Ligand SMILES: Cc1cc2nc3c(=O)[nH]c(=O)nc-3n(C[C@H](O)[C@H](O)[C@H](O)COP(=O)(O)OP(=O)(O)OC[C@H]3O[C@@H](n4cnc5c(N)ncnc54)[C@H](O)[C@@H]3O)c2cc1C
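Quick setup: one chain, the form predicted on its own, written in structure tokens, and binding and motion questions come after.
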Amino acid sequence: MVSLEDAGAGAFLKNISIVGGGWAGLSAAVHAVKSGWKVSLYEAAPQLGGRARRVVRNELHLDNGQHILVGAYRDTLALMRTVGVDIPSSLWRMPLALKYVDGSGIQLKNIPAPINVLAGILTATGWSWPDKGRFLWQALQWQRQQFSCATGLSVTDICTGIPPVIMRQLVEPLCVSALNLPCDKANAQIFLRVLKDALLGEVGSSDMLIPRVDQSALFPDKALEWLTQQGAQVFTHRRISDLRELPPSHKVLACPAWEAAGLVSHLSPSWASQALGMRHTSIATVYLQTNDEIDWPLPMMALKSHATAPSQFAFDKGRLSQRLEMQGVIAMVVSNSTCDKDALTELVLRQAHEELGFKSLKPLLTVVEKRAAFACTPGLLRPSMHIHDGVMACGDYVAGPYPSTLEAGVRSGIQVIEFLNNSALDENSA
């Protein structure tokens, strides 16, 4: 790792300082290097990755939160390829499936959209034919409206005709996994945009891509290697508390909204106020270990979540990673978590016993990201990427069409560099 003291102060026409080494900051750094910028990236933590990084527990490589990518994450997948990630060996790809232990639920077919969605609905188990018909009618209404709706509506508002069983087994799990909020509190327009891009995109857009390696190995480790090979300077353990600490350069704040607000409150009080005003929701991942056989048909199972059984999804980490030490490890995900960590662990442990049928179980680690995602509520106004002359912002919370996802962060990193590139061209032509 390059130390700050050893960094050269070479004179370059295009210098950029990026504050924050999460996926958005790394995306900005990679695209800046590709565009000919001299890049310096500063990360306060000892490792890169932000809210998607490795956590080591008893020599097990776990994560600070279980993530799922989808085939529609085109920019994220392209970025991973750029830095040398082997996509097929790093991600388990399968058609979208929300299947429960009792066999109910939906699984799409490996055929082009929208036929795959239609076939998935028609073959879903546990749904009556009248229920399927009502849901298809509602989906057609969304399509006729070009997956757009009035500002200020919740997901519940646009689902009044959907049968309760399909709300419980499909809409609510999709909503909480994408927006990290229940349907009655989630932004309908952003939910519809997610559905449109995932379910009606190009071939493979709706596929689920589940990491087979830890989150750091999935991208940040490769990004660090690639950036240093390209001559970028990457500093970890380096918290920026004042922008004047940075060398003369364009500045991109890829840190969390509240940290960015603190750095620019004197430059743009209105931007800082809007960023600080954003609410956030938490996501918990409870890691368990069992000696029982895990005989799920898929490496991920949907769960029938409720107040005393809070986990929505379970992942067979042993089947995903195929590493000997990961056999029997299960990741139980609790989106929009509001419970105390110890109480949550007990609830999820009981849920795994009762719903998944495990007899031998012990808790390994519970990770709670208290501000894992911004609250994607109806009518939400998000801060612009423009903060002040020479100071920009990127991150999943910055104004855009997507909720708090890896793809949103990656895209914002690309967009901020594209803006700076275009600005430089305009200056040169003036």
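Residues carry their position along the shown sequence, with the first being 1. Just so it is clear, the model here is predicted, and its values are computed rather than measured.
In what follows, reference is made to the form predicted in complex with this ligand, a form of this protein that is not presented.
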{"property": "Contact flag, Cys376 vs this ligand in the model of the complex, heavy atom cut 4.5 Å", "result": "no"}
{"property": "4.5 angstroms heavy atom contact with this ligand in the model of the complex for Arg51", "result": "yes"}
{"property": "Partner proximity in the model of the complex: Tyr402 to this ligand, non-hydrogen atom cutoff 4.5 Å", "result": "no"}
{"property": "Heavy atom of Ile387 within 4.5 Å of this ligand in the model of the complex", "result": "no"}
{"property": "Listed range touching this ligand, judged in the model of the complex by heavy atoms within 4.5 Å, from 41 to 49, 376 to 384, 28 to 36, 54 to 62", "result": "41 to 49"}
{"property": "Single option in Arg238, His280, Arg93, Lys304 placed near this ligand in the model of the complex, where near means a heavy atom within 4.5 Å", "result": "Arg238"}
{"property": "Selected contact from Pro173, Pro256, Pro299, Pro310, since only one has a non-hydrogen atom within 4.5 angstroms of this ligand in the model of the complex", "result": "Pro256"}
{"property": "This ligand in the model of the complex - contacting residues of 350 to 386, heavy atom within 4.5 Å", "result": "Glu369, Ala372"}
